[in-house]
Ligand SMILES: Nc1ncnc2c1ncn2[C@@H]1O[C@H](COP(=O)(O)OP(=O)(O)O)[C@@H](O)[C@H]1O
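Coming up is one lone chain in structure tokens, specifically the form predicted alone.
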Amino acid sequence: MLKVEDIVAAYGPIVALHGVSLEVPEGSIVTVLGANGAGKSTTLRAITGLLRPKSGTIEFEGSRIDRLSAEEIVSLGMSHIPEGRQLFSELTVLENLRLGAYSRFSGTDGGSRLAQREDLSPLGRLQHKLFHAATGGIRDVARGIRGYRQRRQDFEAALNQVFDYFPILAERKKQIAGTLSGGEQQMLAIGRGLMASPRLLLLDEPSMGLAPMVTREIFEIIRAINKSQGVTILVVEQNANLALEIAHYGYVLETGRIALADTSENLRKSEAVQRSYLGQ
């Protein structure tokens, strides 16, 4: 599904990736391990168009995407859950989830009407209007009622699925996102990504700042998303134990280069991985 080949990426004069190559087969969970500064987040940023590679190629479902914008890449079926969650902290849980679905409805009558539901706060309605204006406004409202109903059903189905994975979000859907606990915010960030119905989900350090029990719960849900929905997942993570426990394949990144690549089972047996990442 995803093929990254010889990617070189830099921040100004500082080269962060030195010819990184990796593959993510459809239906799999692949993890990228590495210490702080190894280039893990940069790899995800390059894949999702937030950082344009200096050289190399990136293919998604057989088509090159390394010269597309981030918005175009999202529209192809890719969701990026960034490090640190990056929620709209002043909006409610429900409003954040609606924004996650925006790429599915933008530029349609359904997108506009879902964005202006009466249970949104004034700030939430303004946020939706700004997003809608940026994508060109309402188009062909006359196509609307029948198509809108179908999109509304799809939206509600996606929302209910997120609430099935994260029941606490259903309980707190009217709560301001910035007042949630760290674990709840991570659940909301993942839920927001799922609202776009991605075929490929990219997660950057989902365990960061979370208690061990909450981290394990998050990883079990990640595994369930892959198994029950068939969503392909690429997860960048420092918690090698949990990442290799749920992944099918893994890469170890060191100073912008792939140092090891193997099945998760073999990586867990590797003396180098045990010594550097598994605390053994």
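A residue's number is simply how far along the shown sequence it sits, counting from 1. Predicted, not measured: the structure shown is a model, and the values here were computed from it.
In what follows, reference is made to the form predicted in complex with the ligand, a form of this protein that is not presented.
Contact check for Y165, I168 and V214: none of the three has a heavy atom within 4.5 Å of the ligand in the predicted bound form. The stretch in contact with the ligand in the predicted bound form, judged by heavy atoms within 4.5 Å, is 31-39, chosen from 55-63, 217-225, 31-39, 242-250. Of the residues given (E83, E90, D154, E71), E83 alone sits with a heavy atom within 4.5 Å of the ligand in the predicted bound form. In the predicted bound form, no heavy atom of L22 sits within 4.5 Å of the ligand.
The ligand is not drawn, but in the predicted bound form it has a heavy atom within 4.5 Å of I14.
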